[in-house]
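Heads up, the chain shows up twice below as structure tokens, two forms, tagged structure 1 and structure 2.
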Structure 1
């Protein structure tokens, strides 16, 4: 997720740079402070050895003093890894890398063990990454003078096995079992091959190195370009899980070719503009938010700073907005990618394209100030007026040593804004009589200061506003906005564009034709003038005064003005309270009354029972024999259970459960009832007949 986000951010950053050209800035202090923020150690360490190495290398390249002391924990981790016999090749590699920066104390015996392990690993290796880590570790040990006389026994064989993994398009595979070609793997392979060359005791065959050079050229044929001059490498298949992203891939290739160029005698012959494109890619990222991207950016730029192919030089401008009024001078810097000073050179301004696409100036040289390291053009040419231009610069290097090759690019295009104070003169506002054009009232306006012009007009007259705009170079100027706004007391607004011819701006409002637009609203209108442009330093939005307009009554079918909001922000405030209308709850009787009547309802039942007693009811007819007695009892119990079921139904059961139970009970009751009642009927008929 973070990688994808990083890639997306890179794309956004690169796309936001404007068309066809941009200003790339070399590494500056903002990078240094960002590095300190991004690489913060947790509990004295940066995490794994790989992350520790990335942090330390970034600080080393940027020259940042790391305030927190990570040395102790890192060196402990390094020693542990190097002394352990179960560390992976990758861990050994990064431990040695960290050691290269921190220079910890290492046990001699452990080193011997490591060397034998690495040599065995090289012989058994079947993947590119294993070879990379093992050969890289051996190279690091040789560089750190841990073992000065380290040699590879079968350098040629290793060289062949790595070269065997190369593909026809200049990319490499990770192993013979994984045929996926990758530019990232190409970078790793080149670094590994450079390591093999430096470790070999005898000369490597020149034909093999020549073949490698061809591979590199083929790899660079597949370089991708952005429209702003940046070049980069990317993987063909984006969804592979080994895909690292364009920053990692490009930095791997840069590391590879700079390492390879360092060990070969002849130069690699890569075109300078591709190297410059790679430098621009890394500088165009800005400040990455991901620590791995940051490390890759800084490490690659460090490789490009001192490489043997060609050193890119970056032309940057501290400011691309120049003010004619303040008499700003055009300043240009040329630096290496890390901000160091460039060799002696001259910067020429060869062209300036304005809106009409014709070059306005002749080629001019900028003067170099050796104290500040800045190339300056003191006065902008007279043909440059306020506006936006595309300046074209060329870098011409002075005499160079033959080994020093620099990549400057042919021409660098930079968009420049030239601003200035635009003079507003002869501003006046007048009310004219319509037919004759004679002036009824006329007022001069001082648009620089405050003034309140108070005018009045009726619908038969006209309002005229006029002023002149002149640029610092005394040309006519067409601003982005020249608008007049009339606002009525009821907040109805009307906006008009002030037309122009040459330097003169004029607007005539004929009220006769505008009565309908004004919704027939008479009264006081506030007048506001807006004149503005991006390159105008004194853009203004000024209230000019007010005008009392007398407009006739609207006819019946006149449009009504739109309802103006009282306060446009009131829609963000709380809304009106909604009162829900509920049905008023029924009035309930007081509790005592209800309880009284409950008692009263019980009274008739008591009366019934008392009456029964008075009538001398008895149970003499209850059967005495066992079977009928049981049935009689069951009958009464059954009725009682049904009544109980009804009570339960009222309290909590639902109809369906009740009906189910009732069905069962009813069947039982019918059976029992039938038995007892038929027995009673039989006995009573016996009595009758007897």
Structure 2
């Protein structure tokens, strides 16, 4: 179990190192699975027309078949938007986008009305976004083979009005009233200008096209770069609601330059490494968790997949970990960003840097397997041993057609980890005599087996551990970790680093100098060895046995071993059983005596009732008038409630509750008693005076 734990820790280290490496992979099935999770229709609809287009466009590029039927609801929304005169330019734009994918049945008369509305909007537009949606809608209608006249009568003027919003740094403003420049707006402007060129009835002046080409070059002068070769555009707007993230900004620029390059005859002359850097940016972000960013990633890669600027080619490796023991081959793939096959080319391994700055190999060409589309180097050079390297690859394109332009970059550097089984030889553990250095006890260790050493020593002796490590190429190997741990039966642990000289590893522990570090604790110490490295396939963490150590009694001021940490999960374990001891009940009187006492208590009540009968108590003097009779009745009821309160106090109520209730009843009895007694006194005085 300890051995498996060691291998697991080394595996985690290796995976973390590989994740940090700059290895770009084309679009894969993981993106297709993510698309189905991010774009999930609700009640047969993706939401707004913009969200519907983003979902459908993503599925179209990735070749994903959406299992839910959204055609009916989406086409109904498209028809409603196109037939409504109150629809915004943005809604019309995305309705036509959705229609371009679903091919809905649209009323042609409604489309004719939209054309005149869009042309009027172009003439009255005062912002870049209005022009983008209006001109983009006309371009979409042209692409959908509508027979109506879609040409712009004043294409040159529209071109000038859009070009007037450009800035000296290649960025654009959203409107003349907003002086802040934006790279996102530059992408929108380029895409809009491409639409103007395609809708123009006559050829646009080439000087205007040349000026726009210079703006594109200025825009790319301000491109941002990562250390791994990825390039991106970022906004510089401050406190603006129009600010966009780097993904949406870069995506806007990519759409703009690819759309503009598609309608111009001359090349934009953009450096291929910058186009390749844009592709690396979108591939390097992995799988975005936001549907908008995911759409921008896929749509931008689709634009780069087929464009007239340059098509980026991505060099990737199915695995950056190669095993010498298993004789793994070095495999390299070259594809487009969406995973399509690359044109005829050759991949060369031109260098491999290890711990030193000099290359360990000569340039050699990888063999191409046409069936699998993989470039292979079957046998690694003899100079490559276990360790980490930086391999340098170069892509050499074969003869291509003049119109085919690909971006491969100068050279591609990929971190490679070469692993193997490190041979552990001549392992032994011995107890040495301190004075003469002679061997008293020696055990041969089979670190690949399960043999256990049982040793004993005193404080005047030494413990020696030695072994050798060699790589599959028979070179000396220096692991990241070579540690020896001694664990006392009291859980106190001591860790020592095993030193090395070439292939030989050796550690000598002089117990005489370690008695204070061991806190003068005699007894059994378990011995554990750890040897591990990211490129060592047989990293180990195993027990070697134990040693019975005899150490003198500690002096008075000797240090005490530290308190061992308490397992935090022990607080959730079973608790000790609590045994309660109750006081024995007091002895009670006999039952007969209790009943006799009860009878004596009731006798006064019986005497009271008999006295009332002898006195011939009656209700002849009870008031007959309504008001006095009511007060008299309430007074007697109050007396009865007081008696009932005494009974409840005896049975269940506490003293404070009883006194509180008695105080309220007392105030009530004083009031009604005073009224009835006043009435009786007045009646008695009238009878005496009569």
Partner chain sequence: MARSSGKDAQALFHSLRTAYAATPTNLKIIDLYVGFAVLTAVIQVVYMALVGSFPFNSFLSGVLSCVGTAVLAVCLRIQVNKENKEFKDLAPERAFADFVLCNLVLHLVIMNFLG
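Positions refer to the first chain, counted from 1. Each form is matched to the other, and the largest set of C-alpha atoms that superpose within 1.5 Å is called the rigid core. As the structure is a prediction and not an experimental result, all values here were calculated from the model.
Source of structure 2: the form predicted alone. Taking 2 Å as the criterion, residue 654 counts as shifted between structure 1 and structure 2: its C-alpha moves by at least this amount when the rigid core is aligned. Put the two forms on the same core and the Cα of residue 383 is off by less than 2 Å between structure 1 and structure 2. After superposing the rigid core, the Cα of residue 368 is displaced by less than 2 Å between structure 1 and structure 2. Its Cα shifted by 26.0 Å between structure 1 and structure 2, residue 664 is reported here after superposition on the rigid core.
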